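As a starting point, one isolated chain is supplied in structure tokens, in the form predicted on its own.
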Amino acid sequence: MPDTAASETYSYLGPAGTFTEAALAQVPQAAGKPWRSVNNVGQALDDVVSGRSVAAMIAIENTVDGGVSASQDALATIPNLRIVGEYLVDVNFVLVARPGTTLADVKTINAHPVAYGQTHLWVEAHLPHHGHLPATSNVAAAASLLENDLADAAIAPPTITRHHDLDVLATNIGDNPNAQTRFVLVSRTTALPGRTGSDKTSIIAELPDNRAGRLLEMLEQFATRGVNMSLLASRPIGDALGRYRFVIDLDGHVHDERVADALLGLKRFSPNVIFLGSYPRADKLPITVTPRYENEAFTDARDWLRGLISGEPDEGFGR
């Protein structure tokens, strides 16, 4: 049975100094509460499911590699989880090594696979014959340099020298100067954050079969209701080749009429729809909707139909 401390604990991919910790630092309700460092997404979400933590911060998408597959797959297969918020962190990297090491000494690099992917242009240009040793986190990669000699250098956040005595061999090694990672805070709560007018709704859906046009049919559920998708990613279901589920982010809140109506249509179409939550957008940009898709248009249409069914006189084309 979870104790009081666990009910206030937040899990994140650690150790201290990771980009995930920087995302968690943006959560007002997490300030002053216990934070639990974990090694991977599965462990973070298991903390939430088991009650060891009230919520977990995980990376879900970045501007270089797109969706984070481990997080998307975990959200698709672990039941009763909800996204309650999203947070953006600007991402840049440095190459660090043990004191006294030079760039010419570097033969093997320890790096988290995502960080490695976001710096591969610099690494290939400056260390074309290097080897890559995967790490569980960017900070763990750097810390390992002081624990063993399996790698000569590590890719880490620029703040790494606040935590470890390492030399910086190169700065700004990220391939994309505009790189950002999007994080989501995941909880067991079913209470929806209130509608703000700048919201996002995340779902996962499967196609009913592999017949031609099925994907178009699914997308039409959103297009015909004026609902924009900010993310559409496919992930293998795993039971057979050619079978995929789709991770989808929608602009809007489930309390928006157009989003609710689209989800009703999707539920009739798809054999499996997972609602991951509606929550405020991190960028706070307002959602622009054409008049025929505003809430009033849907309520007016329902009132019109209700009137027809109840026998009210049709007052003309204006109805």
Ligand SMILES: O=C(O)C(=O)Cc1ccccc1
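The numbering used is simple: start at 1 and walk along the sequence shown. Worth saying up front: this structure is predicted, and the values here are computed from it rather than measured.
FYI, the form predicted in complex with this ligand isn't displayed, but the following is about it.
From the candidate stretches 132 to 140, 161 to 169, 189 to 197, 223 to 231, select the single one in contact with this ligand in the predicted bound form, where contact means a heavy atom within 4.5 Å.
-> Heavy-atom contact with the partner occurs in 132 to 140.
Listed residue that, although this ligand is not shown, lies within 4.5 Å of it in the predicted bound form (heavy atoms), from Ile83, Val96, Val91, Ile248 | It is Val91.
Just give me the single entry in Ile78, Val114, Met218, Ile237 that has a non-hydrogen atom within 4.5 angstroms of this ligand in the predicted bound form.
-> Selected residue: Val114.
Is there a heavy atom of Thr20 lying 4.5 Å or less from a heavy atom of this ligand in the predicted bound form?
-> Close contact exists here: in the predicted bound form, Thr20 approaches this ligand to within 4.5 Å, heavy atoms only.
Might Asn110 be said to contact this ligand in the predicted bound form, defining contact as any heavy atom within 4.5 Å?
-> Contact check for Asn110: no, nothing within 4.5 Å of this ligand in the predicted bound form.
Taking 4.5 angstroms as the cut-off for heavy atoms, does Thr181 touch this ligand in the predicted bound form?
-> Thr181: yes, in contact with this ligand in the predicted bound form.
Determine whether any heavy atom of Ser71 comes within 4.5 Å of a heavy atom of this ligand in the predicted bound form, and answer yes or no.
-> Ser71: no contact with this ligand in the predicted bound form.
Determine the residues of 202 to 231 with a heavy atom within 4.5 Å of this ligand in the predicted bound form and present them in sequence order; the list may be empty.
-> The stretch 202 to 231, when checked against this ligand in the predicted bound form, contributes no residue at the 4.5 Å heavy-atom cut-off.
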